[in-house]
Structure formats: structure tokens, C-alpha cells
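A single chain, nothing else alongside it, follows as C-alpha cells in the form predicted alone.
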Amino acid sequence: MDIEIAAETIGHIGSFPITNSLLVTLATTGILSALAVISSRKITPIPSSLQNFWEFIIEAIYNLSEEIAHSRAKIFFPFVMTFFLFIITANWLGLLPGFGTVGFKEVHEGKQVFVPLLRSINADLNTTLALAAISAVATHFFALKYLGIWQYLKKWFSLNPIFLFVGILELVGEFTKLISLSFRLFGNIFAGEIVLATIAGIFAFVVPLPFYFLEIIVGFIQAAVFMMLTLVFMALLSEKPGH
């Protein structure tokens, strides 16, 4: 089995390449947008089953945000909630039939390769790197917002050689967070995709079902982990000295 880390191009709009993961990204965004419109169209004091479902999820994650970020929860919550919903929807969408199995063959560098039309977006390192980069940029933006430029710079730089060395190590640690967030999500989803493809290739029926249930759990856990780490990073980096 050929392992492709990058997404495969399935077409072009002019000179702009359309990849299979980009197609699924648009589908994920469309699904979440449609759910948001449908769920918020008729909000009543006595909630329907759908409204009750969303209120339960939102309240649980907001309460968690308040426990970690306290008064900053109202600012951080929209970001971490969006990360959670987007990642879990993309992870579960990638488990549907047709992902990785329906496509076409083309010749690449003299070899015939299979190009799937649909691909789980978090099995594409480009996507997870982009999510991690957005998380990192938002985290440092909030740090500047709550600390100010001077206090923010003092986290990394000092006239004291020991504190300066520690600050540089912490600055390097910020880059490792970017790598950690992206590769953790990518590695788990990509590995699950390979396992499912391998099992399904050997046993067509029944046997793959436990692995699908396992990947449903993994998809939820990875979305929750990404959300939690982003929330913790935001809370810690925007904390004022002495708190």
C-alpha cells in the first residue's frame, strides 16, 4: 500500500488545484453551517430534542472553559468550540463508506496510482498543520491582548542570563507545541485510516465493525484533546505574572 501524506489533486479551477481533502473540508464546513442554521432557526424556552442536544454540548464545554480560563472563557470559548466541532465532524465524516475507496487511477512518474475522490481531512498533514497554526496564532494574539506587549516580551526575554535562557527554551517550546498539535491529530487519524483500509481489504464484512467503533471513539478523543490543549495554552500564556 502506497502511503500518501499529502492530499491528491482531483481537478483544477483555472490554475488552482482542487484536492480531495479540500473537497471534504468544504463539505465539513457546509454541514456545520447547515446544522447551525437549522438548530438556531427555532429556539424556544422549552427546547426541542435537537436544541436540547446542542445546549448540552455547549454548556458542558463552556463550563469546562470557565474552570480553566475563568473570566476569559467568553473570549476563548468560540475558538475552542469551533475547533472541537470542526475536528470531530471531519473525523467522523472520514469514516463514511467511499472515503479512500472511490476514485480513479492515473499515471504518476511512470507508475499507475489510485487517487481517491474523498479523503479524511485530518489524515492530510497540511490540514492539521493549518489547524495547529491557527491555534498558535490565536493563543499568542490573546496573550498580547491580556498582557500587553511589554509583559508579553518579558515572558521570553530578560537581562538576567538564567531567565533569558529559560525564556528562549520556552520560546522553542512554542514551536514544539505547533508540531505536537498537528502530528498528534494527523498520526492518530492517518493510522486509523490505514488500519481500516487493511482490515477491510482482508475481511469485507463483520470483522471491520469493531475497528470502526474504535475509530469513532478515537475521532472524539482527538477532537477533545486538540480543544483542551488549545484552551490550556490560551489560559496559561495569557495569565498575568503572579496569578
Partner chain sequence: MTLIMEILNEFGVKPVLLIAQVVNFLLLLFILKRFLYKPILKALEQRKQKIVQSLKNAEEIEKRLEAVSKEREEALRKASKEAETIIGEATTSADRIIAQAHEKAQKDISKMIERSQQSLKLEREKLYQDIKGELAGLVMVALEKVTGKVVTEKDQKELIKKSIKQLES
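From a predicted model like this one, the values you see are computed outputs, not experimental measurements. Residue numbers count along the first chain shown, from 1.
The form predicted together with its partner chain is left out here; the points below concern that form.
With the partner omitted from this view, the residue of F79, W92, F99, Y152 that lies near its partner chain in the model of the complex is F79 [heavy atom within 4.5 Å]. Of the residues L144, I134, L169, V113, just one reaches its partner chain in the model of the complex with a heavy atom at 4.5 Å or closer; this is I134. The closest non-hydrogen atom of T198 lies beyond 4.5 Å of its partner chain in the model of the complex. Residue contact with its partner chain in the model of the complex: F183 places a heavy atom within 4.5 Å of it.
Contact annotation for N188: none of its heavy atoms lies within 4.5 Å of its partner chain in the model of the complex. In the model of the complex, its partner chain sits within 4.5 Å of a heavy atom of V37. The chain is drawn here without its partner chain; in the model of the complex, the stretch among 213-221, 170-178, 39-47, 198-206 whose residues come within 4.5 Å of it by any heavy atom is 39-47.
Shown without its partner, the chain has T25, L26, T29, L32, S33, A36, V37, S39, S40, I43, T44, P45, P47, Q51, W54, E55, I58, E59, Y62 in segment 25-64 as residues with a non-hydrogen atom within 4.5 angstroms of its partner chain in the model of the complex.
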